[in-house]
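Starting off, we have a lone chain in the form predicted alone, written out as structure tokens.
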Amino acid sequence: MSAPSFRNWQSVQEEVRRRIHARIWKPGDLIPNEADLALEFGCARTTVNRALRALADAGVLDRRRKAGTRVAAQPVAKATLQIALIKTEIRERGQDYSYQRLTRSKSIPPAAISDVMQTAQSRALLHIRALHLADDKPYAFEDRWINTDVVPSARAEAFDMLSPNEWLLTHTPYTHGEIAFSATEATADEAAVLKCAEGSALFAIDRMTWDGARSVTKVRLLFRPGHQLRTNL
């Protein structure tokens, strides 16, 4: 029987995973160094390095300079979260999607917004409030601020037919972002928009996106009571 081929980093990664899963290498064990693994697998050391880096990023391995690479004693389970268009999300549920722009204004945001977006407190931002509907029933309330110094083309958009959620994802590049999930109680205004009782438990997603050091947009999405977010480990 010929030895298995390890010509790319993905095949090396899978073999390392197999050994960890089979407890050939147990949690806390120091694994062979890159040079020895490259010799064993018959591949370049850079190929092994790429595979081990990917496993370290996934929380499977613990790599320390001059101390070697160990199997993580407490592997971190990382969830993969896909940020889909709300329109796509609703249609994938087998429901009809519709959209309503509630308000659009250029205004100075509350200090909390300008602070987190790192804009001057005297700087006006584009503020859009919109409602996403599933089968003509409220699904999500979008409350968004857009930094038009970074996205000047947004100044000409009415957002009356196309939601800012969709427009930004298809028109505006960004380098990184932050996202937070929480539960909140519906204010009187939010309850009126989402057609639920004031004080109802809502699922909230707060998201910020950046283009380098400059903020692009900040949005709070509020979902009706009972909404669930599912992801994969």
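Small disclaimer: the values here were computed from a predicted structure and weren't measured. Numbers for residues come from their place in the sequence shown, where the first is 1. Note that the rigid core is defined as the largest set of C-alphas that superpose within 1.5 Å between two forms.
What follows is about the form predicted in complex with the DNA, which we do not show.
Asker: Under a 4.5 Å heavy atom criterion, is His171 part of the interface with the DNA in the predicted complex?
Answerer: No, His171 sits far enough from the DNA in the predicted complex that none of its heavy atoms falls within 4.5 Å.
Asker: Check Val60 for me: does it contact the DNA in the predicted complex (non-hydrogen atoms, 4.5 angstroms)?
Answerer: Although the DNA is absent here, Val60 would stay clear of it in the predicted complex, with no heavy atoms inside 4.5 Å.
Asker: Taking the DNA as it sits in the predicted complex, is Ser182 near enough to touch it, meaning that at least one heavy atom pair lies within 4.5 angstroms?
Answerer: Output for Ser182 is no: heavy atoms all beyond 4.5 Å of the DNA.
Asker: Heavy atom to heavy atom, is Phe223 within 4.5 Å of the DNA in the predicted complex?
Answerer: Output for Phe223 is no: heavy atoms all beyond 4.5 Å of the DNA.
Asker: Can you pick the stretch from 33-41, 160-168, 196-204, 182-190 whose heavy atoms fall within 4.5 Å of the DNA in the predicted complex?
Answerer: Within 4.5 Å of the partner lies stretch 33-41.
Asker: Three residues, Gln121, Arg123 and Gly177; all within 4.5 Å of the DNA in the predicted complex via heavy atoms?
Answerer: Checked in the predicted complex: no contact with the DNA for any of the three.
Asker: Considering only 121-137, what residues come within 4.5 Å of the DNA in the predicted complex, judged by heavy atoms?
Answerer: Not one residue comes within 4.5 Å of the partner.
Asker: Please state whether Leu221 has a C-alpha shift of 2 Å or more between this form and the one not shown, with the rigid core used for the fit.
Answerer: Not so; Leu221 is displaced by less than 2 Å.
Asker: Once the core is aligned, does Gly177 move its Cα by at least 2 Å between this form and the one not shown?
Answerer: Shift of 2 Å or more: no.
Asker: Verify the C-alpha shift of Leu39 between this form and the one not shown: is it 2 Å or more after superposing the core?
Answerer: Result for Leu39: yes, a 2 Å-plus shift.
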